[in-house]
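Below are two forms of the same protein chain, given as structure tokens: structure 1, then structure 2.
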Structure 1
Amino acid sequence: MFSFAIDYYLTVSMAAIGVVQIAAAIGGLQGLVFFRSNILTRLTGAILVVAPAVWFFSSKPRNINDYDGGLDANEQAIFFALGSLTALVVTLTISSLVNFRMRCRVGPKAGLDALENTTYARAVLVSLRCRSKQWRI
């Protein structure tokens, strides 16, 4: 059961990273993508969506009832949420490191639109600096 759960978690994580990459490429959020090339980002995202699913279902028999060692609905929900959260953290970390040299001035209230021109880490830092200056006043 534990191996099945880990396999499911990794599959969800990789597929979610792929979905975020495709969405960021389509939405023009250059601060979230791993590659400068829009085509390469979409291709990598598509591979990250399809390859883990193919691996998951072709590596072992996965049509298992929860009482035979499979995951019940509650476990699936937990591992899906954890996999999605992991994908978000990994995407934000890697894209902030890869696009570290991306410099752009953003307003503190730019929201998700700030990711068109800057990384997540830099946008958070700008927002925190602005809040700390306003807090002192």
Structure 2
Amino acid sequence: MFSFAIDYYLTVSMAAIGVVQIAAAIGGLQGLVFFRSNILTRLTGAILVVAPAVWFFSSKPRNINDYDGGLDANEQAIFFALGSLTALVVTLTISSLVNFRMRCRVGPKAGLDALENTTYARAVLVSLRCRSKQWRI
């Protein structure tokens, strides 16, 4: 089960990075993408979705019962959630690093919308600073 779970977790993590890249490109969230080129971002996203899935299904037999080493529904849900969380952390970290020189234009926009103009690291710092000021008042 352990090796199967690791394979599934890695596949989900990679594919989730890919779908977040595609969605960020569609939504115009420049602070969340790894490349400035929209086409390159979408292409990278598509490769990150398809390649791990092909590897997952072609490397070993995957239609196996949970008591023969597969995953039951609960384990599948847990490893999917962990994989998605990992993908999110990796995406936010890498995009904040590669877009470090992005001009900081955090305006009235908040939440994900702020990522249209700035990196996640800057946006979350500004958001939390605003929150703490509101609490103090």
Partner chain sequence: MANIDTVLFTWINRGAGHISVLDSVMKWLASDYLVPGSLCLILLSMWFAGINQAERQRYQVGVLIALGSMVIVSGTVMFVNSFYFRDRPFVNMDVLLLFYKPTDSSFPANSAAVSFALAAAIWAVNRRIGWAMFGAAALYGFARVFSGVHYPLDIIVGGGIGMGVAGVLHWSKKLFEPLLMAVIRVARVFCLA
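All residue numbers here follow the sequence of structure 1, with the first residue given the number 1. Rigid core (definition): largest C-alpha set, two forms, superposition within 1.5 Å. Everything quoted here is computed from the prediction, not taken from an experiment.
Source of structure 1: the form predicted on its own.
With the core held fixed between structure 1 and structure 2, residue 23 has its Cα displaced by under 2 Å. Summarising the core-aligned comparison between structure 1 and structure 2, the C-alpha atom of residue 130 is found to shift 2.8 Å.
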